[in-house]
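Only one chain comes next, encoded as structure tokens, the form predicted alone.
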């Protein structure tokens, strides 16, 4: 995938700017709070139709304005494309090649990004939600069935949790609860299958990269962690797995009523990360944590390439300053000729000379692209 250009109007601190990109490396440089990350976020937004920082659309509008727009041209395996997003009168409109996108699923796979931010350096010791987010982001971007399943799962989960809270105060009909639990099992099983398939592929790639970065010393292992018994799912005995999943939900119902939430399922799952058979979460040094984070992101890029047949855009938001020289160099070495990359930095000393020679430097000052 190659992003040719982007045009912003009233987006965050940009009034009206257009920027053309190199097909290799693009370096956004400037002091803090000038708009480097906002420009990077606009690229992420075009790919995912939401902000990388979780901001609502109304919070992305330039102060004093009432709307924003982003448009861009890009190449992918299909051909040359134009995407436009307008947010006006509290409504969002997305057009791809002048065709109005009514539902996000119609846009999935057109433009895909892998983003690496300082938050990702906490992926080992941080909250399990970070590790679930790692899995979800790229599966949502590359797999329509996963996207639809997780949307439905979240709605059903919300309904069951609501019933659990009501059941704490008054009696709820078991049949009503079971109807929601059956749906939770249906979509939860799809989510589990696809996550486990991803983990099985990612862990092989990540271990190879990790072994090289650690100078052939350390082995990395990643396993999917859940309270559900995956034995029958792994054997592809889906019906038996669903029955056992459903039974587990029923058995946990009384305790879930006391807790007020559903304690079992993919929304509570995690990744177990081990370095040389030792828990990374408990014992990894800060350097090891950052190495693993680096390997996971690099593996994510290769996973997407395997799925869709082309590399995604790589977005590096103020990450280089967080990495030591060795890890920084390993990351920069991993950026191949075929991966279009966008980097934010306050200092070009973070970038090696080879990358500077083939890259484009884009200066940003107070929301102006210079």
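Numbering follows the first chain given and starts at 1. Because the structure is a prediction, the values reported are computed rather than measured.
Same protein, other form: the form predicted in complex with a small molecule, not shown, and the subject of what follows.
Student: Heavy atoms within 4.5 Å of the small molecule in the model of the complex: which stretch in 322 to 330, 26 to 34, 305 to 313, 42 to 50 meets that?
Tutor: Looking at the partner contacts, the answer comes out as 26 to 34.
Student: Since only the chain is shown here, I'm wondering whether residue 341 would be in contact with the small molecule in the model of the complex (any heavy atom pair within 4.5 Å).
Tutor: Result no; residue 341 lies far from the small molecule in the model of the complex.
Student: Determine whether any heavy atom of residue 346 comes within 4.5 Å of a heavy atom of the small molecule in the model of the complex, and answer yes or no.
Tutor: Yes, contact at 4.5 Å.
Student: Is there a heavy atom of residue 22 no more than 4.5 Å from a heavy atom of the small molecule in the model of the complex?
Tutor: No.
Student: Does the small molecule come within 4.5 Å of any heavy atom of residue 61 in the model of the complex?
Tutor: Contact with the small molecule, yes.
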